[in-house]
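Quick setup: one chain, the form predicted on its own, written in structure tokens, and binding and motion questions come after.
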Amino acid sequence: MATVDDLKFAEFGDSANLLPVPGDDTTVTIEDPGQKPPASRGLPRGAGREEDEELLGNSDSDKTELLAGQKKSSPFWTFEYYQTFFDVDTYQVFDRIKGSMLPIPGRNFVRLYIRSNPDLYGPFWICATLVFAIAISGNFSNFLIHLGDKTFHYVPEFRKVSIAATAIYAYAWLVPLGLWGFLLWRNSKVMSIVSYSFLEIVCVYGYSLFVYIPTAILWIIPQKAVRWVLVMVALGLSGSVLVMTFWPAVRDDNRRVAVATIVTIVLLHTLLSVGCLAYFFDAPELDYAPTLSPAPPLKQATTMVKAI
């Protein structure tokens, strides 16, 4: 027979823990709204590490989009495949042009302007404009040099357009291609270096050439000192964009390899600018055939022979 003590109520903790949970059933736990979720364990991530991961292409947003299948590329033979390379608005192009002419020390041009939406629209038209600016300015400069010379007959040199186009487009495409292959090769050797896509490298080189468009127009001034000052200013601005962009990609590599890579980039850029100035603008003043005096008439020469 039960006693009085057996009929007393006892306090239990969580009653849910006392009930058996069948294997096929689903349990729902209601938490206290004021209770904070446990903090995730792990080391704090600094801003520098996030920038490195963004440059390396390891951002979580890219992984999510790839896993979700949102980044779907069309076949290369379709128009939609090439349309994506020109999907850029005017404000983005202006920002990238401004960033290439006014580089910010310590800021990466790719991460700041290009990484979100690399394009070929800006590089293509910048190179085309530069080709015609150099060719037209070179012809006009040659005309001004010989202005007032009665023995000079001006003939437009249309071959300068094809020569300028070959030099500019070869530099804007072949040099990025070689640099991209080199970075891929070094990335297989040193896994911590920053990697860029080929399209991003083409963007950097294309936008870095914009400063030479106003420079080529000012090269019309027939003063060699002024021209060399202009080319040094343009070389300093565009070269600094290349150095600040590609130095983070090679600084973790071997010291000699990193320095040699940056020196090669600067030397090729200097060769292009100085070569254009020397070939299209600093040609010798007397680059035409001298005018010969006309020969005496045949009758006058015959009379002179009979007189002798």
Partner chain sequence: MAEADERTFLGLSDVSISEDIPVEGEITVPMSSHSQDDDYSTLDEPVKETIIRDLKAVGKKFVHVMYPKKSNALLRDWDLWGPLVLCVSLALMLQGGSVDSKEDGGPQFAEVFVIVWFGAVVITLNSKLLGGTISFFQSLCVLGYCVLPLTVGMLVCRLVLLASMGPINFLIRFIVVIAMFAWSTLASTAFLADSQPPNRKALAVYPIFLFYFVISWMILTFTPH
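Positions refer to the first chain, counted from 1. From a predicted model like this one, the values you see are computed outputs, not experimental measurements.
The same protein also has a form predicted together with the partner chain, omitted here; what follows describes it.
Determine which one of 154-162, 233-241, 100-108, 180-188 lies within 4.5 Å of the partner chain in the predicted complex, judging by heavy atom distances; exactly one does.
Result of the contact check: 154-162.
Which residue among F132, W228, F198, Y171 has a heavy atom within 4.5 angstroms of the partner chain in the predicted complex?
Looking at F132, W228, F198, Y171 one by one, just F132 meets the 4.5 Å heavy-atom criterion.
Just to confirm, with a 4.5 Å cut-off on non-hydrogen atoms, which of I220, A167, V175, I136 contacts the partner chain in the predicted complex?
Contact with the partner chain in the predicted complex is made by I136 alone.
Heavy atom to heavy atom, is S116 within 4.5 Å of the partner chain in the predicted complex?
Because no heavy atom of S116 falls inside 4.5 Å of the partner chain in the predicted complex, the answer is no.
Is there a heavy atom of V88 lying 4.5 Å or less from a heavy atom of the partner chain in the predicted complex?
Judged by the heavy-atom cut-off of 4.5 Å, V88 is in contact with the partner chain in the predicted complex.
I'd like to know if L112 sits close to the partner chain in the predicted complex, meaning any non-hydrogen atom pair within 4.5 angstroms.
No, no contact at 4.5 Å.
Using a 4.5 Å heavy atom cut-off, state whether V93 contacts the partner chain in the predicted complex.
Taking the distances in the predicted complex, the answer for V93 is yes, it comes within 4.5 Å of the partner chain.
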